[in-house]
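Presented as structure tokens, the chain that follows is alone, the form predicted alone.
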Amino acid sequence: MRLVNYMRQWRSVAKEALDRTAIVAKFLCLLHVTNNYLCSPTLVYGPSMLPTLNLTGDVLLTEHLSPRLGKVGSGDVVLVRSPVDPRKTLTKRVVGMEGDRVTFFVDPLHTDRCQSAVVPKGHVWIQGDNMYASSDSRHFGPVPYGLIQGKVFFRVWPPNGFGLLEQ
């Protein structure tokens, strides 16, 4: 009789443990889908997007649906996988879409010389808001649309900049 009670108790504990494990697994799956396919927080820092973003860092919310649906346009701030170093992610503004003619300063620190380029099919032209301290399409050319990881829409940190990101 004692063995039967012990087995019932063990079965009850095992069932509860399995149920809680299933809940945790479902939560982790939901977190993965949300973070990778819907919306994720991103820490960005550096001088290339001054004055829009802070030099010391901003926490931004990035949505991942717009690039998949083709809803990224000129003026949008985006996260882009670097075409030069795929381990890095860049935060830049889309300046031109496919077919657009973009005129840009080649080296604004040393010369006023301008150059024009036509953005090829399936590509975008990205530039930092601070042209004096940005490595962007002026240096590595148009970026394939597939390298866009998300569109920035909200600033979470610092508190004085909390809210929707201005275009």
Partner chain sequence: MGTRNVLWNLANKYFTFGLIGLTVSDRYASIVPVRGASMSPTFNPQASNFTDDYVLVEKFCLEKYKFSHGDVVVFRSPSNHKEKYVKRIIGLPGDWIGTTHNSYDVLKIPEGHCWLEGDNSASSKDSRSLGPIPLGLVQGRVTHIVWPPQRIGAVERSYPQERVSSP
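Numbering follows the first chain given and starts at 1. Keep in mind that what you see is a predicted model, and the values were worked out from it rather than measured.
Below: the form predicted in complex with its partner chain, not depicted.
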Q: Name the stretch: of 102-110, 118-126, 40-48, 56-64, exactly one has residues whose heavy atoms fall within 4.5 Å of its partner chain in the predicted complex.
A: 118-126
Q) Hey, in the predicted complex, is residue 139 touching its partner chain, heavy atoms inside 4.5 Å? A) no
Q) Even though its partner chain is not shown here, does residue 145 get within 4.5 Å of it in the predicted complex, heavy atoms only? A) yes
Q.
Taking any heavy atom pair closer than or equal to 4.5 Å as contact, tell me whether residue 114 reaches its partner chain in the predicted complex.
A. no
Q.
Is residue 75 near its partner chain? Define near as a heavy atom within 4.5 Å, in the predicted complex.
A. no
Q) Quick check: do 29, 33 and 81 each get a heavy atom within 4.5 Å of its partner chain in the predicted complex? A) yes
